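Encoded as structure tokens, the following chain is the form predicted on its own, with no partner shown.
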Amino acid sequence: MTGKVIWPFDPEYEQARQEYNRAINAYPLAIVYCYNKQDVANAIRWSEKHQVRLRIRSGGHNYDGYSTGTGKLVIDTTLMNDIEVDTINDVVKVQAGTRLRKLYEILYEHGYAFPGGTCPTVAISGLVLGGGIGLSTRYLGLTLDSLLEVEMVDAKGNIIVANQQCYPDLFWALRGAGGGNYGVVTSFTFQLKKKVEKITLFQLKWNNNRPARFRFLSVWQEWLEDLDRRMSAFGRIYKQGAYLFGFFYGKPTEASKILEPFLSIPGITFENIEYVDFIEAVNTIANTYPKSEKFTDTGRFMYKHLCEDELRKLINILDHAPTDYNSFIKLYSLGGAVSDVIKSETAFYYRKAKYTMAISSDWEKNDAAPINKEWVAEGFKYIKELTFGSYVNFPYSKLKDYEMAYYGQYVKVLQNIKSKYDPCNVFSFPQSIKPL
């Protein structure tokens, strides 16, 4: 094995084994930080020789810890974080371990926006291979919609370059179902779509305002129906109030008109609608994320219009939350550019969903974990009744038929591609795609 290898007896091991979600507590056999694709290939071959199962980690943000495992060899691409920008062809090549904050900052230096996620320490790999939802999604598409090419190390340690012409079936699968299933992706090449300097950032809060929550949910679903695609938003409803934030690729005066249905909800406690540099907007949202946390979280795709009784039941779930501010139902806007793409063009199955609804809770002390997990589990049962399909980037161990939940009618096709590129199931984890 080459690269920087951390064993359990090394002083760095305790820190190296940690995931972003500190509720995950696994003890790998070893962690290999790869400097290049050859290190990745050597680690794969070493694992085969020594019959040690693999896990693949880029940012360590997998909600259920599928990027690590006790007794496993963790292949970590953190140190592979180079970015090459081609301003002539509007293309960027990004190595697998690159964190979103670095990617945003370098692209902005060249004048580009990018349809990534919001948490700054998420790596590009997990985000794009599962889809990629963020605050530019409705305007610029999912992160995977900009993908031109991937470089991947397969189960035998061979380097594969996949795109529309070479290995097109693998390239199709990697766009929406690629996270940890087919190999270790070492770099991504994206088409850059938008030159931008300033956008409108908006943040609206209704703290300590329980009555605002029902109105918020009602407004949200009506508002999304014909929303200007230049605007993307995330919503958060909790026991004591609600919060809306997002980006608008336009001026604040126009944004304020679009946001009027929310601005008319009584009792707003914080209102910020400002025209700022794109990178300032990205960093303002990024800075709301902690360096790590203990949490459980899962999300589903919403297609239907909820009636008053269904909205009331969601509010009732929040009324029984274990915390006042850290237990949420979260909403992520879809539509716009996401639904423009023909469904069959990528393995992201849920193109026509209106939005994603997630339920999440976090805690500080370990003894609070059971009550928070139970609240999420109970709330998820009801949200599952209202929705269709689960977002693979919000994985949840309690899903019974997880392949169908994540990939819909694409499951058999994906299993066939798995059989072709990884017939011995080298790349496996509790919710991986299984070969036929």
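Numbering starts at 1 and runs along the sequence shown. What you see is a predicted model, and the numbers here were worked out from it, not measured in a lab.
One more form of this protein should be noted, the form predicted in complex with a small molecule, which is absent from this view; the next part is about it.
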None of Trp375, Trp46, Tyr402, Tyr66 but one has a heavy atom within 4.5 Å of the small molecule in the model of the complex; the exception is Tyr66
Using a 4.5 Å heavy atom cut-off, which residue among Ala358, Ala255, Val94, Ala123 comes into contact with the small molecule in the model of the complex? Ala123
Indicate whether Ala242 is a 4.5 Å heavy atom neighbour of the small molecule in the model of the complex. no
According to a 4.5 angstroms non-hydrogen atom cut-off, is Phe214 in contact with the small molecule in the model of the complex? no
If we define contact as a non-hydrogen atom of the residue within 4.5 angstroms of the partner, is Trp206 a contact of the small molecule in the model of the complex? no
Would you please decide whether Ile133 lies within 4.5 angstroms of the small molecule in the model of the complex, comparing each non-hydrogen atom pair? yes
Tell me which stretch of 366-374, 22-30, 404-412, 386-394 has a heavy atom within 4.5 angstroms of the small molecule in the model of the complex. 386-394
Contact check for Val219, Phe301 and Gly379 against the small molecule in the model of the complex, heavy atom at 4.5 Å: no
